[in-house]
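Take a look at this single chain in structure tokens; it is the form predicted alone.
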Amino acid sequence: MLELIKKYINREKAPEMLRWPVIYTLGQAMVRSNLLRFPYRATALMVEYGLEETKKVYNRRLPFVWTSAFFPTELLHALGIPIFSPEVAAALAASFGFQEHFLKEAESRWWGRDNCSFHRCAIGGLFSRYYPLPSAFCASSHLCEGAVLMFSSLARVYNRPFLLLDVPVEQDDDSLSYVTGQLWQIISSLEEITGISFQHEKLQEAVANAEGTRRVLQKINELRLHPYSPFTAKEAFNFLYLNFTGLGSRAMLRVYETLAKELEERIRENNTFKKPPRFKLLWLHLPPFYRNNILEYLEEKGARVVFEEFNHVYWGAMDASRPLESIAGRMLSHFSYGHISRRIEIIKELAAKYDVDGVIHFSHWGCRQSCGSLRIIRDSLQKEGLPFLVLDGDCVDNRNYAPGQVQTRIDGFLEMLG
């Protein structure tokens, strides 16, 4: 069934088809009737939620916004504004194998290949009419400068509002007040743009959902320490959609509560001996989303990625009685924002917690803020006796992907591990 969908999506009428809300209703029906099968019930719930949100966007009955990867979605869930994440859409396009059309469309309009492919794919998708034009573009300045530049450019081209949350690198009271003030301004702007009235209790509910999600995510990460945990890195990466769009929603909380229960049940039922991997690995940054066999090849060689940097719960408890201050605090606390020592300390903590034998960093070409510090990270980890492998590549653009070369690098790394 999925192969038939992929073939049809590649046809000329795909842009028109993707604008039909009935497509997403059909997808939801297929999920509910188990025509589309998933390894976890939680995965099915996530897919159903994603289809519902996408249907709302293409229905155009409600105003919706584009958001960058780290924009505080609690605000949007409180206002009931549907969210479209172009970066998630780019990853999905790559997984279906039709990202090349989007990339070439963007490049034909002078968006060079030295720009992030997530953003080139998003631009090409909008110019090709695959992706819907939003009521506003909402971005956060921290971690990803490329999204800010892309959103501001598209806002000018399409004459749409551009809302920027400027997040300072310092973590102090002045920064907290500065970000909190901006959050109030963004809410006011969204009210004016969408005509939706803000309700404080809805914001409190969104922050309560975010806090519940934080706690259950921590539980899932603890369950992954169990030797009988069946949860793989590939499955974990599939849930990143929620991390970028769902925080603050009841749906995200429900998905992760379901996942935690399923993992507990499978660990409890799996009482047979499970041979441990020869090597346990920590994965830094994101994986490539087009078809590849990197994680599978590692498994074939007796190595397993036991945790991923992006799934680390980096923020502290959120107080629903102080919702905006809690959101601002979360925004300021990201370990990859600010001095590189913050990220290095978290990498060391995760390496120790999950008892890894080595660390792999997939260096996506467009993420300069991540790749630019690799030498410092390598030197710091070497002092701790942690072997470090850099896999250069691209998360979306597969035109330079050389599987043989990647496998050779992995072979050499694993040989060094022993």
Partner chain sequence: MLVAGIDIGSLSTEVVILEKGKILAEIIISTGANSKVAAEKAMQMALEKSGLARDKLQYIIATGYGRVSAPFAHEKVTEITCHGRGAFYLDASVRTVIDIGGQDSKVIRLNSRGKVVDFVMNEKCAAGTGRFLEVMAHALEIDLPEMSRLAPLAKKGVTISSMCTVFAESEVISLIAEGCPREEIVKGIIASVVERTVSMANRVGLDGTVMMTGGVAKNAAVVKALQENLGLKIKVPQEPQVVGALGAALLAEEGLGKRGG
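Numbering follows the first chain given and starts at 1. Quantities reported herein were computed from a predicted structural model and do not represent experimental measurements.
Just so you know, the form predicted in complex with the partner chain exists too; it's not on screen, but the next bit is about it.
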What I'd like checked is whether 382, 408 and 413 together line the partner chain in the predicted complex, meaning each has a non-hydrogen atom within 4.5 Å of it. yes
Should residue 375 be classed as touching the partner chain in the predicted complex when contacts are defined as heavy atoms within 4.5 Å? yes
Residue-level question: is residue 389 within 4.5 Å of the partner chain in the predicted complex, judged on heavy atoms? yes
My question is simply whether residue 25 lines the interface with the partner chain in the predicted complex - judged by any non-hydrogen atom within 4.5 Å. no
Even though the partner isn't displayed, in the predicted complex is residue 365 close enough to the partner chain, meaning a heavy atom within 4.5 Å? yes
Out of the stretches listed (61-69, 389-397, 43-51, 30-38), which one is close to the partner chain in the predicted complex, meaning heavy atoms within 4.5 Å? 389-397
